[in-house]
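In structure tokens, the next block holds one chain alone, the form predicted alone.
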Amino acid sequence: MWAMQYHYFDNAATTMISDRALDAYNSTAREYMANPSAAYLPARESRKKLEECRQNLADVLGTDPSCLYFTSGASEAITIVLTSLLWAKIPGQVITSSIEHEAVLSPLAILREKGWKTETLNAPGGFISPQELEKKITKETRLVAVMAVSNVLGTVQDTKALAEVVRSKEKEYGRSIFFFSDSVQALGKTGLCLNESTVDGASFSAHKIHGPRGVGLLYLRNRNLQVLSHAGGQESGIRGGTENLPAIAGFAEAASELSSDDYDKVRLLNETVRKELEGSKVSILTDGKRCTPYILPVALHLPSQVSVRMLQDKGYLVSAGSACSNNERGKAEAVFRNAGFSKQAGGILRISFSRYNTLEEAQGLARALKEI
């Protein structure tokens, strides 16, 4: 098994499924085979299990279960929100940041074809300014999409301040503006509580928190979203298709395992690597302030793909940006350039930790970075 051969530091791309999440997946697949939408008794038991999982996730996220809709992942959740704009009779304006995930950026091309205007917020150092957002919003703005935590830099946005700007502009123009936040890297890695936030929508993915792949969540504060496809009407018509109950159970179990102890452990690992790299030729791009400790971007005086291979030869797995962007190298580098790291963009690596990493591994990774 490859995991026994390498020290894995690419947890922002995907995480190892936990034993408890895997057990929940397997037991649910065996015990709840009936479709939750059917009418007979076993199906009603499946429906009950589905709603228990929804409640468990709502408890973790600090929101009402009626606001949560299961999807195949965060990318689908994002697509549901952005493509809902295609129903509008009159195209408006969409505002996003320059460091968004590809799942947010891709649908913008379709919207532009249909007459929508798109504006981009600068992100110097990986941070979005509420003042710039205020300047960008116009009476045509229909949606603002800003990720909660950068998946490549680890910077944490002040979504509350950004939301306040949106709400203020709503009052000024007398119309609603949908504020959406890709929150995939925030779950379990920041003090996220949806009831304390004023976002209208957010997306989450199970495989980023030691849950199974192929399942995610869409949070909607209100149910007034008009989606393109209702399919079979599941998930209150927001996302049709038979629910992946085993994966949902694994997601709920993984979320229940999140703890402040894990956060403290990861923070120690991050601080250890930072300290070990002090005085070396390896540059650390962020100072750790307003950043999640789970992601640490560093720059070497080597092409990033070369560094990735050299570290792999030493037994350490890291990435050269997000996994979704690594297939198209220019897109990965563009995020770093947009954050103001143009000179280092070609040599940046993303180190991302999990509770399964050890202090010894972190120290070994730092040594390997200095060696190459």
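Just count from 1 along the sequence shown to find any residue number. This one's a predicted model, so the numbers in the text were calculated from it and none came from an experiment.
Omitted from view is the form predicted together with pyridoxal-5'-phosphate (PLP), to which the following refers.
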In the model of the complex, segment of 250-258, 163-171, 132-140, 69-77 with a heavy atom within 4.5 Å of pyridoxal-5'-phosphate (PLP):
69-77
Residue 208 near pyridoxal-5'-phosphate (PLP) in the model of the complex, any heavy atom under 4.5 Å?
yes
With heavy atoms only and a cut-off of 4.5 Å, decide whether residue 184 touches pyridoxal-5'-phosphate (PLP) in the model of the complex.
yes
Would you check, heavy atoms only and a 4.5 Å threshold, whether residue 218 touches pyridoxal-5'-phosphate (PLP) in the model of the complex?
no
Would you please decide whether residue 101 lies within 4.5 angstroms of pyridoxal-5'-phosphate (PLP) in the model of the complex, comparing each non-hydrogen atom pair?
yes
Using heavy atoms only and a 4.5 Å cut-off, determine which of 123, 298, 245, 147 is in contact with pyridoxal-5'-phosphate (PLP) in the model of the complex.
147
Looking at 292, 151, 97, 159 here, can you tell me which has any non-hydrogen atom within 4.5 angstroms of pyridoxal-5'-phosphate (PLP) in the model of the complex?
151
